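Before any questions on binding or motion, here is one chain by itself as structure tokens, the form predicted alone.
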Amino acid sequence: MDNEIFEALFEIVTFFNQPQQDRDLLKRAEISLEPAALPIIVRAGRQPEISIGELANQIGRNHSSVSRQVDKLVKAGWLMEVERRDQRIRRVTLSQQGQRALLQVKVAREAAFRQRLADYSDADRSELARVLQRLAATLNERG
């Protein structure tokens, strides 16, 4: 059973890590942004004032490539730098443009999920959400 859970999670992670999924989502949201930037926008929206190091760790890229991508996003108006309390740590948050884009992405993602889960009953979707939220909480526990 545990291996079946792992295999299912592996397939889900693989699905979400495919760059084509981000391209499709950005197209559906009508946002002109390169797919590699989407995880940065999403993380900055979920964690305001996130550091470049935290971003790099969470999306599995090296610090310098994330820093370069962030520079582009700041210059394009998607992100803005937060005042540095510690000069060694650079932090970013979404700009108003980035917040609007994230909202468009959320709406597009919800529509895509509704379409994919159209054959699921309301009870099945509710149960799926409950179990996934519990799993997420379990996996994020420190200990």
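We number the residues from 1 along the sequence you see. Since the model is a prediction, treat every value here as computed from it, not as a measurement.
Note that the form predicted together with the DNA isn't included here; everything after this is about it.
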Non-hydrogen atom contact R85 with the DNA in the model of the complex at 4.5 angstroms: yes
Contact label in the model of the complex: V105 to the DNA, heavy atom within 4.5 Å: no
Residue contact check: R61 to the DNA in the model of the complex, 4.5 Å heavy atom: yes
Interface membership of R90, the DNA in the model of the complex, 4.5 Å heavy atom rule: yes
Selected contact from Q96, Q115, S32, S65, since only one has a non-hydrogen atom within 4.5 angstroms of the DNA in the model of the complex: S65
